[in-house]
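Read the single chain below, which is given as structure tokens and is the form predicted alone.
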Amino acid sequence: MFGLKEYRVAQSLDQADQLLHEHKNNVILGGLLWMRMGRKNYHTGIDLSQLGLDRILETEEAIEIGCMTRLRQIETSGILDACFGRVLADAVSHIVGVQFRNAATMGGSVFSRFSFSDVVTALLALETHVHLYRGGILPLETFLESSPQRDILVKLSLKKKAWKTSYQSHRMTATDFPVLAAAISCCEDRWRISLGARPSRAKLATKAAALLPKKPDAAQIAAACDQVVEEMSFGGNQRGTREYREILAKVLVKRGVEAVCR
């Protein structure tokens, strides 16, 4: 269990940012689900729950998801389903259980850059931007490649487009971390293929996606699957070997593309 010397409820983002930089051991609090598994002692824990950042809002051009939005809200959101299909709901539905998803936040899931993250894998397929208090607005793929900074993830914005989507994953058990995860999306003739839990951090397979026309045939899908393995690196851990993940990658991408084409 982690420890806190002080606990502060921020009344504004300005105050939260000021508190965060007052001491190198100050920390933003989310759902606390991963923090409580550690033994680190922090100086001040900063609570953002009073800032109205737990909402899913629709604007003319995007869907905005506040950093304190819970994974269960993502799973049950009619707004997200209407705009993006079930890709986000399917991505979070295997994460531990409903009680866990009622506590885990989107900000914590994304800002932590977990390599096993179903959430990040799905968001990468949806042209997502990260809004940082100090760092400004970045494409999610750029944020994932950048080194961690002391900043506050305020919200995520997902461009509203006519996406057709699919989320595929393979797990040893239903609520375990994925052995490999894939999110596939298509808007008109533009495809996005995201692979996560490789076991490294989720990444876009841009060359493979470029091989797919609007309505690919079996040969074109097979070529894209081969390209995924060519352009992306896979590794081994206790859940699977590199070779196993390469096989899974072809299977999951094929299933995802075929699901989008239906």
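Computed from a predicted model, the values in this text were never measured in an experiment. Quick note: we count residues from 1 along the sequence shown, nothing fancier.
In what follows, reference is made to the form predicted together with a small molecule, a form of this protein that is not presented.
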Inset, instruction - Kindly indicate whether Gly30, Leu33 and Phe116 are, all three, within 4.5 angstroms of the small molecule in the predicted complex, using heavy atoms. - result: yes
Legend entry - Partner contact for Ala208 in the predicted complex: the small molecule, 4.5 angstroms, heavy atom: no
Inset, instruction - Report whether the minimum heavy atom distance between Ala89 and the small molecule in the predicted complex is within 4.5 Å. - result: no
Legend entry - Heavy atom of Ala182 within 4.5 Å of the small molecule in the predicted complex: no
Inset, instruction - Indicate whether Ala202 is a 4.5 Å heavy atom neighbour of the small molecule in the predicted complex. - result: no
Inset, instruction - Identify which of Ser112, Thr76, Ser146, Asn102 has a heavy atom within 4.5 Å of the small molecule in the predicted complex; exactly one of them does. - result: Ser112
Legend entry - Interface residue in the predicted complex among Leu71, Val130, Cys186, Leu124, criterion: non-hydrogen atom within 4.5 angstroms of the small molecule: Leu71
Legend entry - Interface stretch in the predicted complex with the small molecule - options 81-89, 187-195, 149-157, 134-142, non-hydrogen atom within 4.5 Å: 149-157
